[in-house]
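Two forms, one protein chain; structure tokens for each follow separately as structure 1 and structure 2.
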Structure 1
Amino acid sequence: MGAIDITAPAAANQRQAPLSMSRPLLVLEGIEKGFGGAQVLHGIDLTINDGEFLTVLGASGSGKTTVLRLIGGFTEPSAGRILFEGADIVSVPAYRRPVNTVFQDYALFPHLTVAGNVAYGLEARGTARDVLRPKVAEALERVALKGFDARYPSQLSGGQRQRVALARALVLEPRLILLDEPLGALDAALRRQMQVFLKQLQREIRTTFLLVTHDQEEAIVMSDRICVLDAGRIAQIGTPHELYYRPASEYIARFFGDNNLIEGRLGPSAAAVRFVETAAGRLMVSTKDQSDVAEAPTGTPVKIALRPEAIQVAPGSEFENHLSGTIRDVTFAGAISQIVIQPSGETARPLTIKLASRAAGLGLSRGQPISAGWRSADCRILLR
């Protein structure tokens, strides 16, 4: 199979479904972990499906690296089971697990060539030279490093060193590859290229990838599913689209971008919608996939999560929610401009709108009256 072009412009989120994505490969059951009396993980239940790209995402101290270390065999849980294809591997040492890890610091041997670094694990297994050489060549070709065999790590760029570390993991043909914030040391442009490259590679070789990162954009671009950790507990698991547009809590809504959070109280319900009384007026929210909200008592305090890009200026009749207000600020940020509006109503809080700059530049300025609106399906009720 030919090498993947690291500069290829194909969008990483144009995903094919992994071949065996519905079949569990590794399952964490009731995992607890503490260090020195401090509890780090609390009852983690997580399934990693065969052939998927799963990301464990969280802020510093959330427990995401501990999850990776438990799966890799670098530490043991205080309680719970780790099942690989149904067999508990908690007592299996790291070197005997069908798992390989790619670290942020690459961990390459400076005195070995690229080929020597990639071959290291095979040599440790006693692989014959006539078998080893073609395997190393194939792994380097997969990561677009054909012809780099004789170079040393000091002669490579950061992105090339990262790909050597990836080839060293791939050559051992693990069932699961663990990626421990592997792009954290790269500059922004190279990091974006590597995000696309890694997703393309994973899709092509159909090996299961588990990425650990604190970067929300990275998780959205690369993942089939995302597991968000908050203080050692799972806050939400879902596809990038689900977490971005259907957050399960205020924490998730704040964690993924610039959601507007509108305070209010539940009003009456109608067919698949719920009214919310707010300082900006009565708003309508779809409850099509929120049975808990549909059944909550009238008067319950809630927040509405509303993405800035969902709000339209001068909306048409198809928008169920409308409000009027005044423009407080307009900020140009390249292709996108940010508009801050102050809705009418003494206690209404400002809302942020994001528009294509071409549209935002059509006469929008500070102090100008504005009409805005959004569809009921484009916002979500969060129970406090």
Structure 2
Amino acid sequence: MGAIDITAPAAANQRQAPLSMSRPLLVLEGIEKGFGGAQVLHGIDLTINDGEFLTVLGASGSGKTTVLRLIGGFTEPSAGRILFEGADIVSVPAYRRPVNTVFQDYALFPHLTVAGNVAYGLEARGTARDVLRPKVAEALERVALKGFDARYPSQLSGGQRQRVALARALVLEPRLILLDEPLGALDAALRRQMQVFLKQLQREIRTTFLLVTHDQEEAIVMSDRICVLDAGRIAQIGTPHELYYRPASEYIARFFGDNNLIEGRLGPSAAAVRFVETAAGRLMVSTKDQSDVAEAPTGTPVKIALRPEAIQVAPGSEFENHLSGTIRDVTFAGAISQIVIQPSGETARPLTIKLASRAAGLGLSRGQPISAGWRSADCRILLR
């Protein structure tokens, strides 16, 4: 599409105006949901901003699909409000909500062709045939399914069905598109391709996407923000960067990539840092943006989250934390190598280090003594 598209309808032009990322589109307020005695969601407060790509991430049973079904209008909250641009839509039936869903198993109508499926929503709204045709064609073109109009869903591959489901939602120009594990049924290569495609599409059409997934890598790659659900509660909301580098809890630290978790007790504070007494000695950790950690009483049991890639071998003096030990294991994994070291403290747990293989290859081998270090700013104290 060119920079200026005079054929586009006025509404579409309006949507291409710069969006302020902070304008809330949909707000969940104190949402509770129980299914016959079992409480699935506890006091969910979540704001989805206009134009953003937000992912609700959680293990199975975390309640993430229920969040999506509440917004889609397929189930009602036991308590709380769902505000769409300020208006409560809890009592609005699914067929009158300005959101559309891409279902997990696509839920294409098997008795309708690809074009029939995509046209369905417009037909249900009573759109005239001559208005409908070009819209359907445009939606199919957008998902690279031009020429597939007359096929039936049973004649398509998984990836193609997925794109029909997407086109079926896009054609209605909803304000919010809900995607329920849309890539779950695809193989790994196709999934990566679709991740990029979805992200690009979302940028192009500037529509708010709410994705539900259990795949943390998918969430990191695609999202502007991620909301992690743990057993029906929000564990943390933030950008992928924040969740990765500033986990709010041990759960998040374990959920996103690898982390060394070093147990210890809080020691004295200093300017913007806090000392932690551990089996591997006294460690210095930054308390930036963590007033709760800075103020927690001395002796509180905590864990330190430390990324394997943040640890340096044979560190210089700019690293506040140093320890020495022996190499227990070296694993070559292509571009990076993983080294497990046993710190010299008696009860200290082993630490995992990830190094670029070029560096690791400089004669590191099992049983060899090693010194390692990291910056106070590269680790983080977890109170829970």
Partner chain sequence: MTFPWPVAWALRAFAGLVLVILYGPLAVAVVLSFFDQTGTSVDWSSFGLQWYAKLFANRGIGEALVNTFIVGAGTVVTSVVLGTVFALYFQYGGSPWRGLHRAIIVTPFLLPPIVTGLSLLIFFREVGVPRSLLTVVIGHTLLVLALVYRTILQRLQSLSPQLIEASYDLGATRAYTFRRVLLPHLASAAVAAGVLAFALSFDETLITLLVTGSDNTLPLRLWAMVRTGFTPDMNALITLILAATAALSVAVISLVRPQP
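Note that the coordinates shown come from a computational prediction; the quantities given were computed from them, not determined experimentally. Numbers follow structure 1, counted from its first residue as 1. Take the two forms, find the largest set of C-alpha atoms that superpose within 1.5 Å, and that set is the rigid core.
Handout entry: Panel number for the form predicted in complex with the partner chain
Key = The chain shown second - structure 2 - is the form that fits the description.
Exercise for the section: Superpose the two forms on their rigid core, then report whether the C-alpha of residue 149 is displaced by 2 angstroms or more between structure 1 and structure 2. Expected result: Yes, the C-alpha moves 2 Å or more.
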